[in-house]
Ligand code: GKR
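First, one chain by itself in structure tokens, the form predicted on its own.
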Amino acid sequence: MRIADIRVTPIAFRDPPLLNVWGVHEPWALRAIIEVELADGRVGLGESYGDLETLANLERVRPGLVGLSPFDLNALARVVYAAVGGDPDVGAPFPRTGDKARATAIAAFEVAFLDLQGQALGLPLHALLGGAVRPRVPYAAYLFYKFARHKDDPGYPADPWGEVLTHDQMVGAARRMIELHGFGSIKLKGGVFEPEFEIETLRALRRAFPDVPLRIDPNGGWSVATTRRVMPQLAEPGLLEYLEDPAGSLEEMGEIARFATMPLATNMVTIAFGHVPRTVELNAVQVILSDHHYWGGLRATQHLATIGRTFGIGISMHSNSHLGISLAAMTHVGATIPNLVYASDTHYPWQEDEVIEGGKLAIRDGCVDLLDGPGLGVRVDRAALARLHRAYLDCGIRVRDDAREMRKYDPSWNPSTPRF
């Protein structure tokens, strides 16, 4: 059983005008759909970023994978290490600066390899990863401040969420998302307005949903001094489950950890295995949000969870704008991690397009049920893939740039952090 062909197809899909510390989401989000095909016609799927750098790295790797067995994941790693960075030594210590490019390339193809393994064995992917410890994986309602519509884009369809710039509007968005999907946790993307304003939004959410765990993620938008100033408000009893990335560096997070009264979480300062020693040394974070797309795949996510058990660090999962292949992969690996104690992030409710057969995966009671078909349990919709690839060719976006989009609203916009 050998790989006969590999296709990497860039796609673009509609994305709402969601605000964050760097600006606002563009009308189109970019992804890459990976298809690894065997000689008998079976196809394994992966999903990754769709920016030019990622696409170039995937193309560098692609030829070296033809002829491999999809069971040979060590060979996959060797090919990636040789093609991205020119260093085939997969046994060297993880660099302290991280190795996101190589980890991203491994992850993109590893999911497709595992999908093929599951198809060959007639087993769901979670069985290949050691077996499920839960029948469904919980996700959080991921709330954003947002504009009502994209600027200078008259063709953009009506946004059912509307404007979300006030506390009451945010409560309304949360209520709608919970009614639609039954989420039992809420995450607020912060770093957009003054911290005191966002804390008032948290209080409004707490009043509306007194029993739902809350989190806020300023995305490194606060200084250490600002975080210290607002800590007494954040420390109000029962307000926060955890505080995610108030500051943007590992050293700053370590300083905040010395006075924080709640767990600190990250998907910004600890994003590679080479960052773990310093993270532990500083006690900088108490929750790491893995993301198999840049940690190196599904097995790497499991390895990270084991490190979390070793050092008493909680584990959850991070999200970017993504489609069903990614959500299926997250759900398979999330089902196998015993210490996944926090509901994971997902942008999925914000996306209306889909690239898999049957349309969007269901989120019920805040969870995605395990997919028990062989491998990932999803298959690509050829017509949808062609349509979204055409959108990529036509949309004109090749690298995500939230600051560029924000300057359409505010020409003086400066995305430098910390903002506050």
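The numbering used is simple: start at 1 and walk along the sequence shown. Because the structure is predicted, anything quoted here is derived from the model rather than measured.
Absent from the display: the form predicted together with this ligand. The rest refers to it.
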| property | result |
| --- | --- |
| This ligand contact at Lys187 in the predicted bound form, heavy atom, 4.5 Å | yes |
| Contact label in the predicted bound form: Thr331 to this ligand, heavy atom within 4.5 Å | no |
| 4.5 Å heavy atom contact, His318 to this ligand in the predicted bound form | yes |
| Proximity of Glu198 to this ligand in the predicted bound form, heavy atoms at 4.5 Å | no |
| Stretch in contact in the predicted bound form with this ligand, which is absent here, among 138-146, 249-257, 301-309, 275-283 (heavy atoms within 4.5 Å) | 138-146 |
| Residue (of Asn219, Ser326, Gln119, Ser223) lying close to this ligand in the predicted bound form, criterion heavy atoms within 4.5 Å | Asn219 |
| In the predicted bound form, the residue from Ser344, Thr104, Thr227, Asn267 that sits within 4.5 Å of this ligand by heavy atoms | Asn267 |
| Residues from 225-258 in contact with this ligand (non-hydrogen atom within 4.5 Å) in the predicted bound form | Glu244 |
